[in-house]
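Only one chain is shown below, in structure tokens, and it's the form predicted on its own.
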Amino acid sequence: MSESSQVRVRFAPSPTGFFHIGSARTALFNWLYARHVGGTFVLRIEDTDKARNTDESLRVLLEGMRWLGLNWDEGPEVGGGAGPYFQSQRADIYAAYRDRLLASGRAYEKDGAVWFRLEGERYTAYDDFKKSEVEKVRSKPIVIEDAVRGRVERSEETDFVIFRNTGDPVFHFVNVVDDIEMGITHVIRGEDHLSNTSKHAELFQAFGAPLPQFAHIPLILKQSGPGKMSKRDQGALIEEYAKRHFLPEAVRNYLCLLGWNPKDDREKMPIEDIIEAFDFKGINKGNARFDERKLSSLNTEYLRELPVESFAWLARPVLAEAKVLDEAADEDYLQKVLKLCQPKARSIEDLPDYLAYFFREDFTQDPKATKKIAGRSDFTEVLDLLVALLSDVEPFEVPNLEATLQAAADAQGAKVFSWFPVLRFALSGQSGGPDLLPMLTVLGKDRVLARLARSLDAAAH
């Protein structure tokens, strides 16, 4: 077994709510590092909070992980040799480790709880916060060589609880025990856990276990203003992007850039390239600010590069739900429409409004376009001319359309592009959209002439 293949990382979420974008980024960085070095990515569920853990939250978490393509090597629904992978199923393991500390004198019972005893010189100090005297310890500082933060020196000054008086173990204890039992070699987690590291290091040492390599990654800040992005902030939940039909590849790519840089100014990268380039040296120390506009822009880039067959497969249910097309809609026609619209489409969720007129005759007319274009003094004159010109075009293809319209414009001393806004509005009710002449060929001659006639009739009344 190579040294790199012995690397074991873990993502240990609590299923108490939704799948937060910060948690997803932590899972992603662990997954990337495991894939980069050929190691093992473990998914461990910290479900000891009985009051808040729900099956629905677990389902959302697992679905979100799979949606992002973060397949785990060991964990729920996969198995592995270091299970169980739910903390609620590991009570006997925690009790055994507790008893080891009690037997060695590194733990003691007080007020119904079990406390971890720090080693060092003890003294009494006044606690300004609690307004009382407390016993403190002058212990040797814990030094961590963090792979991202560099040298970090911290120390604990008071003993701390490892089992509550309810008999339940606390986060710090189970976190360390699980990492020892599961052979975790690298702990990659958010910078907000840095303050826990000295407690965890004390526990590792008390059990005679080697410290894992810590790597505390930067926080994700909300889009505007100070503070860490929370579940209440817009754009903070992975399931939002799945429901809005973002491409998971785009979301994953963007998450990679929140705190990591390939050092070559690339942003849009295939996941294989990211895996190859990912290492701790590329992780930034400064916090990353979330920017949904940048994510949307990256999603648009991915969308425009999809094979049209894939684009159609993703778009059809969205268009059907919006009642733009029915299940029996012709696939060839749908793909022609999407191929035409793809270069300018921004997102799948916007497609119903963007291309409804290709499938429906009761399409909406943009009020601004109505005022600006249908209000032109030459509106009906241009429509009459277009009907006459387009009626004679055969076959109804772009080169013939272009030649016919340009010849007529030259003969009249007009600019052909001055007619295009009227033509587009009559056909779509919009002032913008995909390339106009290809749009005519996709709609077809009969539909184009019928819509021009209908616009003329509406203008006359």
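Numbering starts at 1 and follows the sequence shown. Rigid core: the largest C-alpha set superposing within 1.5 Å between the two forms. Note that the structure is a prediction, hence the values are computed from the model and not measured.
Keep in mind that the form predicted together with the RNA is missing from the display, and what follows is about it.
Proximity of residue 297 to the RNA in the predicted bound form falls within the 4.5 Å heavy atom cutoff.
Using a 4.5 angstroms limit between non-hydrogen atoms, residue 154 touches the RNA in the predicted bound form. The shortest heavy atom separation between residue 219 and the RNA in the predicted bound form is within 4.5 Å. In the predicted bound form, none of the heavy atoms of residue 233 sits within 4.5 Å of a heavy atom of the RNA.
None of 254-262, 383-391, 205-213, 117-125 except one has non-hydrogen atoms within 4.5 angstroms of the RNA in the predicted bound form; the exception is 254-262. For the candidate spot formed by 98, 337 and 447, no residue has a non-hydrogen atom within 4.5 angstroms of the RNA in the predicted bound form.
Contact with the RNA in the predicted bound form, defined as a heavy atom within 4.5 Å, holds for exactly one of 286, 317, 367, 79, namely 286.
When the RNA is considered in the predicted bound form, only one residue from 395, 38, 432, 69 comes within 4.5 Å through any heavy atom, namely 432. Taking the RNA as it sits in the predicted bound form, the stretch 93-120 comes within 4.5 angstroms of it through a non-hydrogen atom at 110, 111, 113, 115. Relative to the superposed rigid core, residue 313 undergoes a CA displacement smaller than 2 Å between the shown form and the other one.
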